[in-house]
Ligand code: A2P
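Form predicted on its own, single chain, as structure tokens, below.
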């Protein structure tokens, strides 16, 4: 996969290492291992998704792998992400286990899931995973701007992605600016607030004017803020709806209205509180 899965135009982003990532993916956080996860991934692939995001901590890599194999979509057409669980000590050994569970020879992106015990110690292990061909690209998740800077300072191969909670309600403007300024793509998880944001009146009003769903409005905002976005759903109709975000644009006025929903003060932090 020299340049990543083949998609076109607005649908992909070229990362700093030259690889390409589809700008929409399916996330499977909080989806238990088993038929529910397999169905969600298989439906997404049937509906044209070419980007699946899992993690060692999710416990569902085996289901993702089964769904990928059963889908009939060639492996080289799917951008596959997993994440190193930093409660373990050896990122290289852990990705080898991930590859076995996923049933693949390589992931497209391997991420440090959060900066437990400091932001830099795990990075050399991710670089080794990349050098050994276990991962095409490497990145981080839940890292603040200052933590990103610490990783870059010690890195031979700097991270190409920082995956963080990001939406109009968590518009981490300074973090986005710091990432972009260092050639790091920001990837938005929980863009729908696990469903909470869909009920907001501002979002609903914009959706009504645009003849779109609230979810589509929130996801489109992420695209127009130059991020990669990975909504999670286990419902086929919502997975399909969430993909219909490339054929419309939000106006500058609508973007500004959504920006005002931010509750973070435009922070450079990745989390308001940490769970580790």
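Numbering follows the first chain given and starts at 1. Just so it is clear, the structure is predicted and the values come from calculations on it, not from any experiment.
Missing here is the form predicted in complex with the named molecule; even so, the following discussion is about that form.
Residue 238 belongs to the set of residues with a heavy atom inside 4.5 Å of the named molecule in the predicted complex. In the predicted complex, the named molecule lies within 4.5 Å of some heavy atom of residue 242. In the predicted complex, residue 192 approaches the named molecule with a heavy atom inside 4.5 Å. Although the partner is absent here, residue 220 lies well away from the named molecule in the predicted complex, with no heavy atom inside 4.5 Å.
Contact annotation: the named molecule lies within 4.5 Å of heavy atoms from the stretch 225-233 in the predicted complex, the single such stretch among 63-71, 50-58, 225-233, 246-254. For the stretch 209-223, the set of residues having any non-hydrogen atom within 4.5 angstroms of the named molecule in the predicted complex comprises only 215.
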